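Presented below, as structure tokens, is a lone chain in the form predicted on its own.
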């Protein structure tokens, strides 16, 4: 079992890093009025990244989910201000997993060329996601209820919505430009990623697979997203470590670089250890995702927990290493901390995924 990237994947990573270094500018979102970087989104579409890990007959470019993990790590490293996770890791994956042939034909090509932006609407306020917390309801093909917060709900064209239908919780496709939909922007800790509340009042909703299989499909989508987001978190943590190291080597105190002090050495060693642990778990998740292995639920939960811990810890320690400079608006340290906190809560917080990991291990050990 080989957990390392191939030569082609390393080449893809190097190309993606150079491209994002030149083009991803999260500060432009803070200082402008656009909710995301539309120019970067178009360039990413032109590169074909949105079609990665999807068959050509569905509008994709082939390749594997490991290649998509490579791209995800670089997007996280660059704090890319685009709705890639919502549209590709979640909406596209949901349609690819549960959609009918007609739904795939209608929506996947647009998601792959960037002309359609998708999102996943599950949460209805605070608290962990479970079938009991879903109150939005579909009756007679019409959706009623409120979903909040929804990442990229203010800019998406298409939503995959979890809602009740009869006695089950199913997934439904909703055209956000259609009737019965109202959007209200929601502020979050990360201003480079936009969110909204989606209010549905009789909005037409098409079932995505059968309602009886809805929660199973949603679990599968979240497992896929957990692995891909873990790579974004590893990329962010690695960038925080590199920035902290560079600053420590060049910042002098008492005639010595602060990197020579034990307190800084220990701090950076701890960040390195947590980042490498997260990377190992992310690689395990990538293997399980690419091979559709039965270990995927365990691997996804482990990657999610380790990735959340590593990125938050690395972002906090990067600020500490920078001292007073780390708290200023002019340095990017706080942008990484904001993204780390945002990613740690996306698709459920650390506690949810710890519980999910324990439940999966207990189920496996009892078999």
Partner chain sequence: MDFSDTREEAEYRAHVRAWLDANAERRKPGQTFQVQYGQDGLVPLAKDWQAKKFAGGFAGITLPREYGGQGGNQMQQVIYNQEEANYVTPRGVYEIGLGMCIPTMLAYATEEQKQRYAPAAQKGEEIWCQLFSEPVAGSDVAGSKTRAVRDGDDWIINGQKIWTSGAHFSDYGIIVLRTDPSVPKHKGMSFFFLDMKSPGVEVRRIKQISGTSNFNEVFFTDVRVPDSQRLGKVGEGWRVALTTLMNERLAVGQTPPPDFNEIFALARSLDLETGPAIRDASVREKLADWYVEMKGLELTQYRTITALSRGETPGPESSITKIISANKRQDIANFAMDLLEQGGVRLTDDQPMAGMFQEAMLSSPSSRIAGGTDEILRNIIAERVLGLPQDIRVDKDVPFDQLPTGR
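Positions refer to the first chain, counted from 1. None of these values were measured; they are calculated from a predicted model.
Quick note: we don't show the form predicted in complex with the partner chain, though the next part is all about it.
Contact with the partner chain in the predicted bound form, defined as any heavy atom within 4.5 Å, is confined among 237 to 245, 217 to 225, 159 to 167, 76 to 84 to 237 to 245. Three-residue candidate spot 10, 276 and 279; every residue lies within 4.5 angstroms of the partner chain in the predicted bound form by at least one non-hydrogen atom.
The closest heavy atom approach of residue 292 to the partner chain in the predicted bound form falls outside 4.5 Å. For residue 205, no non-hydrogen atom is located within 4.5 Å of the partner chain in the predicted bound form, even though that partner is not displayed. The partner chain is not drawn, but in the predicted bound form it has no heavy atom within 4.5 Å of residue 343. The partner chain in the predicted bound form is approached by residue 269, whose closest heavy atom lies within 4.5 angstroms of it. The partner is absent here, but in the predicted bound form a heavy atom of 298, alone among 63, 312, 298, 44, sits within 4.5 Å of the partner chain. Put simply, of 130, 262, 126, 115 only one has a heavy atom within 4.5 Å of the partner chain in the predicted bound form, and it is 262. Scanning 304 to 338 for heavy atoms within 4.5 Å of the partner chain in the predicted bound form gives 305, 306, 309 in sequence order.
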